[in-house]
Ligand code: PD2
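A lone chain, given as structure tokens: the form predicted alone.
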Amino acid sequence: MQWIKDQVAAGTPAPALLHSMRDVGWSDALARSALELAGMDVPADLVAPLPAASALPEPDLENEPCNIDAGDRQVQVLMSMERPRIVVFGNLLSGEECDAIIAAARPRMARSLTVATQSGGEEVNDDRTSNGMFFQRGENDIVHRVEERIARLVNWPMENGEGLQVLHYGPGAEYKPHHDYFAPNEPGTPTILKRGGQRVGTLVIYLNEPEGGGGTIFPEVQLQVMPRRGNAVFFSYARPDPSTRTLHGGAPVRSGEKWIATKWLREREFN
């Protein structure tokens, strides 16, 4: 990025920059995103067109409410950003609900896996140093209640959600910056998409408060959301492309431990 900024400041035109970036292996999507972040307009005819946009889950913030009625709970709206689309919620879960989810998940924890877009399966990833497990959708009363609340909060059908994933991070554990959508050009992606289409939204719920570190970071917009028990951060992405600016990660836990629950939302019914 510093090289790009230096080139832009020196007056290098977009076609020359794009050509140089392609020569060293940048994809059109990443090159376009990087140039736009550096403040350069990239003519549409220089790069491959963006993937089609999807309909998105979206909380009802039209009247700028401080609270949203999520059915059985008033959820606070703490922060809202348009691009990327990020909303921070407060009071999504009670302390008792957070403890109940941790207690139900704890006996089933194992090394976290990531989706392998090369094969369509799962794999251990050195960038993700947590333990985790998945609940089946509606597996028990607490999971079903939380899923109903999330569906009402972001106006998205329950059946379009993957099962709730619980993750545990000890001291030093992290998840380096990544995107949650499935890379469209990877060979395993068509297999993954058969189960419900692309991911279009993510909700990360904080189940406890580490003593230090462990925030959710969005490095492209220099935002860090700190983990407070019962709060959550929601973000959506209309297309599987870096232009959504939804690169994010879990910062290393500096002391204590971090428990979160993640809900991924798909275009269609997930099965």
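All residue numbers are counted from 1 along the displayed sequence. None of these values were measured; they are calculated from a predicted model.
Not on display, but discussed next: the form predicted in complex with the ligand.
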Checklist entry - Pick from 71 to 79, 156 to 164, 131 to 139, 175 to 183: which stretch has a heavy atom within 4.5 Å of the ligand in the model of the complex? => result 175 to 183
Next on the checklist: Quick check on this chain: which one of 231, 54, 216, 33 has a heavy atom within 4.5 Å of the ligand in the model of the complex?
Outcome noted: 216
Next on the checklist: If we define contact as a non-hydrogen atom of the residue within 4.5 angstroms of the partner, is residue 238 a contact of the ligand in the model of the complex?
Outcome noted: no
Next on the checklist: Test of understanding: in the model of the complex, would residue 270 fall inside 4.5 Å of the ligand by heavy atoms?
Outcome noted: no
Checklist entry - For residue 89, is any heavy atom within 4.5 Å of the ligand in the model of the complex, or not? => result no
Checklist entry - Any of the heavy atoms of residue 256 lying within 4.5 Å of the ligand in the model of the complex? => result no
Next on the checklist: Using a 4.5 Å cut-off on any heavy atom, which residues of 241 to 269 would contact the ligand in the model of the complex?
Outcome noted: 248, 249, 250, 258, 260, 262, 264
